[in-house]
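One chain follows as structure tokens, the form predicted alone.
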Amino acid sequence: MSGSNVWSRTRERLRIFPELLAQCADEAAVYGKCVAATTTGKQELKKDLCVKEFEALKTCFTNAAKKRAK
């Protein structure tokens, strides 16, 4: 595997990220609010506090990427 191919694929994924994020704006907002609500003050984000919201965002990204690939 060539190193330049890895960077090409990475650049392509990063290039389409804003488009995918725009398609998942509602899910991203819900996840962001959850993270913000669970890290008030000096509290650190703990694993699995926002797992439901993260899974919804992940599913949305996956579906948006599949639609784009068609």
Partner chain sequence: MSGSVTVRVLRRLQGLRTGPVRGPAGLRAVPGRFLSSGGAMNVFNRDMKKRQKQRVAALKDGHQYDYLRNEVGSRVADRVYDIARTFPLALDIGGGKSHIAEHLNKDVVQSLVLTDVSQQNLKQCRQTEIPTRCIVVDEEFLPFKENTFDLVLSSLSLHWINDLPGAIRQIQQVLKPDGVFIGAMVGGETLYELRCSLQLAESEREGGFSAHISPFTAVTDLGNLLGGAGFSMLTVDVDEVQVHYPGMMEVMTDLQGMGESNCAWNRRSLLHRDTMLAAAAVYREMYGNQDGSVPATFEILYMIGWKPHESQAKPAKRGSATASFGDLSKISRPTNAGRS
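So that the term is clear: the rigid core is the largest set of C-alpha atoms that superpose within 1.5 Å between two forms. Predicted model, so just to flag it, every value in this text is computed and none were measured. Numbering follows the first chain given and starts at 1.
One more form of this protein should be noted, the form predicted together with its partner chain, which is absent from this view; the next part is about it.
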Is residue 13 close enough to its partner chain in the predicted bound form to count, meaning some heavy atom within 4.5 Å? yes
May I ask you to check whether residue 46 falls inside a 4.5 Å heavy atom distance of its partner chain in the predicted bound form? yes
For residue 26, does the CA position differ by 2 Å or more between this form and the one not shown when the superposition is done on the rigid core? no
Residue 37: CA shift of at least 2 Å between this form and the one not shown after core fit? no
